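Starting off, we have a lone chain in the form predicted on its own, written out as C-alpha cells.
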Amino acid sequence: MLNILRHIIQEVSSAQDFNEALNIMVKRIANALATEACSIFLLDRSHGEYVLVATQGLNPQAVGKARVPINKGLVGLVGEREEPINIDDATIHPRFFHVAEVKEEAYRAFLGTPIIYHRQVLGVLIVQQQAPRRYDEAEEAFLITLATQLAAIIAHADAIGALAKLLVSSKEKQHELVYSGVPGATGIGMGTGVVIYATLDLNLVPDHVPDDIEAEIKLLDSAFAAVREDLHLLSERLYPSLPPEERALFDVYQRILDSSDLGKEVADRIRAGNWAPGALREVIQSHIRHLESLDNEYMRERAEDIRDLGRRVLSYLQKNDRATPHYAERTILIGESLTPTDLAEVPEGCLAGIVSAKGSGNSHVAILARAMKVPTAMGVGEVPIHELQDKEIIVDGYYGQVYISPSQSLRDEFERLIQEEQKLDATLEEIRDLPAVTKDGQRIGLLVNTGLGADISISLAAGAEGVGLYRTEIPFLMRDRFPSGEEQRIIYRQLLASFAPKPVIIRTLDVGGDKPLPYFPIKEDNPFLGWRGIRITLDHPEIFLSQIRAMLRASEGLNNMRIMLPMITDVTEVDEALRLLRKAYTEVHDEGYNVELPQLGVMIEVPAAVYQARALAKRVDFLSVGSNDLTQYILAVDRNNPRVANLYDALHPAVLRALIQVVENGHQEGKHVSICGEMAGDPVAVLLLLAMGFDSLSMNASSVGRVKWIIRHFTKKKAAKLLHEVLSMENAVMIRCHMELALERANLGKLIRAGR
C-alpha cells in the first residue's frame, strides 16, 4: 500500500493542472482498492453544497453539475461528523440522498472520509461497490491517508484560485482570484501588474503576449544556437581531462539541443501566445515534472540537466533590453523577493502597490513601502507570479490581500473605500499638532517606529512626539559590509538633529532570526530561538562598541538620544551591556566629545523578560515592550507563517496579562514603560493599552493620526472598564469582537479597518 501511495502522489504532483490531479486521484484509488467507483465531492461554501468534481465509476456527465446540500446525504453526514463512514449498504441508510444525474443506484457498499485542512472540511472522498460489503481496516486507513494528501492539494488550489474556477458554474460570473499574505504597508492600491523577476530563474519568468511571434522564434533559435556553441567549446576544452561519465553529460546536452523536439515545443508555445522566455519556462517545467515523477533514479536525475539547459537558453534570451520592465502609469510591482532598488527604479508617481511572494511586514521593502505610503502585501507565497504581468490588480495593504482581475463591483467597492480614506485623512490632519489626551485628561505619548531616512519627514508630518524605535539594522542590511563608525555617526546625527529636542530611542543592532546580514551569515535550524539581537553583539563586543561610540558622537550638543537593547533574556546581559556603554562613553569623552551619558532601556520581547521585568527595571531607565515578538514567543506562533497566521493575535488573553505585568513591574520601580510594534497602532488594542497604564505608544507614522483620534474621543475610565470586561474572556476572537463593537458604538468603526 505504501508503494502504491507513493506512486499516486508522484503522479498527482506531476499533473498539469488541478482538474487533472483530481482525475488521476480517483482513477488510481479505484484501481488500488479494486473497487468499482471512486469520487471526490468538494464543498462550495458560498452555496452550502458539495459538488462532484471528479469520478471513476459514476456518471461522468454529472461532474460539476451534481450537488449535494451540506446537510443532506451520506456525503453531508461524513462532513458533519468529520470522520469516516463505512457501511455495507448505502441505499437503505436513512441519510441516503438520491441525485438522479449521478446514477449511483447500482452501488451499495460505501466508504467515505472527510478531506480536512487546518480544521476545515474541504470535501469528501468516497469509494463505492455494487456488492454489499464493508471495506476492511487497511482499505479505510489507505483512503484516510490519501485524503490528507488530497487536502494539501485542494488547499493549494484554493489559494491560487483554481478551486474557485472549478466550483463556479458556467452560468455564474467568474470569481476574481484572491491571494493572502501579511500586511506590509497600509492602504489600497489599484493598477496594472508589472513583474520583476531574477535573471536565470526560470520559475519566476512571467507570461507575456509577444508583439511579434516570428521575432520571438528567431530569438529562440539564436539562443539555442548560442548554447550549442558554448557547450561545443566547453567540451573541446575539457574533453581530454574529463572521465568518460562526465564526457557523456556533454553528449547528452548536445543531443537534447540538436533534437528538433525541444525547440519545436517552445516554438509551439510561442505561437500559442507566450513570449520566448515564458514559453521556455512552460516546456522546461513540463519536462522536469515528468522526469521527477519517474521511478528510475537515473531518469529523475536528468531533470537537473534539463533545468540547467533551460537556464543557459534563458541567459541568451535575456541578453536584450526586453528584460527591462515597462512600467504602467499605475504600477503594481510584483516579485518573488523585491529589493529597495526595485522600488526606486519605478518612475516617480507610478508606484501604486507592491506584492512580494516572500518577506515579512518587517522586511526592508515593507519598511520602505510604509515610508513611501505605498500599499503592500508581503509573503503572498501562493501567488502565481508569472501569470500576473499586465493583469488588473488590487492590493489591500490593510489585510495583506491581493485581488487579480477584480469584478466591476469589487472595483467600485475599493474605489469607495479609497474615497473614505481620503476624507478620513483630511479629518485627521486637523488634530495633527494636538496632544493625545483622553476626555478626562489622561495624556499618553505617541511616537513613531522608523529605520530609514525617508521616514523622517513623514514621521514629523504625522505629528509624532519623537522616535520610540529606530531600527539600526536597516543601514547594516542595505550594505555589503559593516558600515564604518563614521558612516553610522552621520546617519544617527541626521536622525537626532531632525527630531531635536524630541526624544529618539535608538535600538542597538538587532539582526538574526528573519534579518540575516548577507556578509555575516548565520546558519541555524531555528533562527528565531538562536543567535540574534543582543546575543550577537555581546559575543562581538567590537561591533557593539563601534555602534555605541558612533551613537554617542552623533548626540553631541543635542542630548536627545536614548539607547535600547533588543532580545534581552537575562539581567547579566544588561549588566554586560552597561559595562560596555560606560567604556564607550569614557573613550568618547576622552576623545574630546562633550556628551551626556544617555538613558538606557531594554526591550521586553520574550517571556523570560516578562517575568524579570522588575529586576530589569532596577538596572535601566525605561522598558519598551516589543509587541510583535512578544506575541510570537508567548503563543509559539511564527507570525509570518500563513499556516498558523490565524493563531497569531496580540489580543490573546495570555498576551494581555503579560503586558499588565510588565507595566506594573516597571512602574513599581518608577520607570517609563512604552510599547512598540503593530499592536501599538491597532485601534482595537489602543484603549486596552491606555487602560493598562502604558506611558507611550510607538507605531508606524501612518497610524499616529488614527490612534490620536481614538484616544481623544474616549475617557480613561471607559477604557479601564473595557479592559476589565475583556480580562474575563477566554480567547482573542471574543476580545477583538468586543473591542470592535465598543468602537462602533462610539462611532469610530471606520478607524478599525484603517488601522490594520
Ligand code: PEP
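In case it trips you up, residue 1 is the first one in the sequence shown, and so on. Note that the coordinates shown come from a computational prediction; the quantities given were computed from them, not determined experimentally.
In what follows, reference is made to the form predicted in complex with phosphoenolpyruvate, a form of this protein that is not presented.
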| query | finding |
| --- | --- |
| Position in contact with phosphoenolpyruvate when the complex is considered in the predicted complex, options H386, R562, R281, R532, heavy atoms within 4.5 Å | R532 |
| Residue (of N665, Q488, S555, S627) lying close to phosphoenolpyruvate in the predicted complex, criterion heavy atoms within 4.5 Å | S627 |
| Contact of V686 with phosphoenolpyruvate in the predicted complex (heavy atom, 4.5 Å) | no |
| is_contact(E216, phosphoenolpyruvate) in the predicted complex, heavy atom dist at most 4.5 Å | no |
| Any non-hydrogen atom of D510 within 4.5 angstroms of phosphoenolpyruvate in the predicted complex | yes |
| Any non-hydrogen atom of I505 within 4.5 angstroms of phosphoenolpyruvate in the predicted complex | no |
| Stretch from 576-584, 98-106, 417-425, 673-681 whose residues place a heavy atom within 4.5 Å of phosphoenolpyruvate in the predicted complex | 673-681 |
| Contacts with phosphoenolpyruvate in the predicted complex - residues in 572-609 whose heavy atoms fall within 4.5 Å | M603, E605 |
